[in-house]
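We begin with a single chain expressed as structure tokens, specifically the form predicted on its own.
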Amino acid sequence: MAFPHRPDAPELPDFSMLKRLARDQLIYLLEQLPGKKDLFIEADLMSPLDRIANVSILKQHEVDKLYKVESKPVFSTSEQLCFLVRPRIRNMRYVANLVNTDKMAGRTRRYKVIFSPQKFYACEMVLEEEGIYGDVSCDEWAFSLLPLDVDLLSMELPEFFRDYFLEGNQRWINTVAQALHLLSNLYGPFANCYGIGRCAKMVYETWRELEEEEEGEIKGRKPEIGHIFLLDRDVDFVTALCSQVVYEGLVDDTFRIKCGSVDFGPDVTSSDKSLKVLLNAQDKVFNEIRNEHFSNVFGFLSQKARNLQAQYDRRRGMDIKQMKNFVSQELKGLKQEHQLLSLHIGACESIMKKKTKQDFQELIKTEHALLEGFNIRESTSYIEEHIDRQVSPIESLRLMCLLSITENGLVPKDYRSLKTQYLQSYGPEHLLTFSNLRRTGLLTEQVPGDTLTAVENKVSKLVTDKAAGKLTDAFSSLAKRSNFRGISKKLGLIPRGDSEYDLKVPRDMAYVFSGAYVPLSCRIIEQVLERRGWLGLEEVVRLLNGNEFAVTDMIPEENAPSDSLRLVLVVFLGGCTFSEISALRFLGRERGYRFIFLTTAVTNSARLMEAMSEVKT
């Protein structure tokens, strides 16, 4: 049922070391304020912090009270205040407000600001402007890699996507490069490096500069991870916009997995309380169903329930000694498994109720039609109806973006019509959101043939063929063309429908989208690893607007243990989805690789749309 790893699969490195490093560094920073202190924590650092150092660890290091950084006034009686925050200007104003209030009251205290994952010059400028730069001490907590699971590392930087891909802000490039530098220091250098996308190229160059500065220190070390692949989110928007149908992806779409855990409400727990559940490989029930297509999950859970019942029933014919062994050795494990099983059955029922209400089958049918390029008029009518019924502003936007990207932009008539209907249905405050989507290439209008192409043709006549090719690429990138149809054809992203696709025994990565579509990002990774570079993929690269790179044999192959060459670190810049993670786990099982995922944050279609939206819900 689940995907067992091949017997010859390489062992994964132990990433718990990253947690210990982060914890030790935080403790060191807290101890620089000796004595009792109050700690102010920014909301989006609370969940990651909880995975690293819980309240009892903080209390051991003389943290007295914990406060959330928010707009409400806080009255702390401590003589020492410590702020653990992201490097944001609004946080600096918050600190300045507290310090200046103390000054006006004639009170002197010690203040320390700990920036995570790094300090930005703009923040220090604000502290200076507010006249408190000399009153506070500033430090960095370089906590940028949180192991969410044995093969998944997250930087927990959801703002990376908007900052870089919409606003062109490159401030996090160095943070990612530092994270890669830390990994190569801890787990040895990488033998081969591949990547595609402008951001990936910048990260690679910054990271190499850091490596060159300390070349001597890691020279001669044997690598634990053989390959690294860097990929920009805008190389493949389509996969991120599709509805997820693997169990873990559906749980994320329905309940929102946050920092590796999920809050199951009373409808799932069958009680009047909500329950926070950690979802990782340690949850044996979840680990067996996480990568499965949702249609297989119920059958597996009911079989598991029968097996569990059979194990409970064994105690009936036991004598006292056997009963004693059963109670001391097996009962606790069975009870825990029973609790997890009932939770996941509850989650499945809740997902089924919600999806039936939304007519999920019709939605999936429309998405598949868009991916295959069939019945575009019917799909457009479905989206119009979706908008008119006011189902959900985020869902309607997602479908419009999927239509736009798969069709290489909307024809002007459709673009104007859908935009007008959307604004009338959901309100004119969404107007700026359309501007954002256009800038990122998520929702564009097809350029009339006589504008961009005409200019392109005229310029091409004046230069050589090679230069003309480069100009075409430049124009293509300028227009933010998606070229999805061409790429899909070249890479065979839509499996041929010769026979019924058996989701119980998947034959390729397309199973993560019900056999209708192989995720583009995963296909690129598969092809590049197979060819050990981009040779033979020139046309695909051109359609993807270039910026590819491959640096092989960064260390001699004889120095790399054979196991390490089957370990691949995939770095998603701008977020990755659970569907992509499931697809690559499947590919690893088929080809004998083990994939490790490093992402700026785990994302899905709703988070992507929310990042672009100017209307905050």
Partner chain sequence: MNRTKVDEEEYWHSSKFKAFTFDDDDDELSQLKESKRAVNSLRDIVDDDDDDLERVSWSGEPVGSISWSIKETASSGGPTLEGREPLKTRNSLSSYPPLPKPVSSYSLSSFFKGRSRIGSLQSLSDALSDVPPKNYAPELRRPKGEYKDYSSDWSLSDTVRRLQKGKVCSLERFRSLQEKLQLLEEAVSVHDGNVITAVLIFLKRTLSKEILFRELEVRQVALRHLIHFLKETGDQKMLLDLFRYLDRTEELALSQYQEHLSIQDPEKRKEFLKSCIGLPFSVEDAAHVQDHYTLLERQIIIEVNDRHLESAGQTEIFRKHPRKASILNMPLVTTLFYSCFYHYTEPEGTFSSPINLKKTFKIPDKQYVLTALAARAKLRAWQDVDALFTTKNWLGYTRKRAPIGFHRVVEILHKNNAPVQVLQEYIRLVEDVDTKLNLATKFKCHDVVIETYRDLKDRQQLLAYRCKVDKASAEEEKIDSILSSTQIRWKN
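Residue numbers count along the first chain shown, from 1. Predicted, not measured: the structure shown is a model, and the values here were computed from it.
FYI, the form predicted in complex with the partner chain isn't displayed, but the following is about it.
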Contact residue in the predicted bound form, chosen from D44, D50, E590, D563 - any heavy atom within 4.5 Å of the partner chain: D50
R208, R485, R532, K103 - the one with a heavy atom within 4.5 Å of the partner chain in the predicted bound form: R485
Stretch in contact, per heavy atom within 4.5 angstroms of the partner chain in the predicted bound form, of 230-238, 522-530, 367-375, 95-103: 367-375
G299: touches the partner chain in the predicted bound form, heavy atom cutoff 4.5 angstroms: yes
The partner chain contact in the predicted bound form: E248, any heavy atom under 4.5 Å: no
In the predicted bound form, N287 touching the partner chain (heavy atom, 4.5 Å): no
4.5 Å heavy atom contact, Y67 to the partner chain in the predicted bound form: yes
Residues from 431-447 in contact with the partner chain (non-hydrogen atom within 4.5 Å) in the predicted bound form: L431, L432, S435, R438, R439
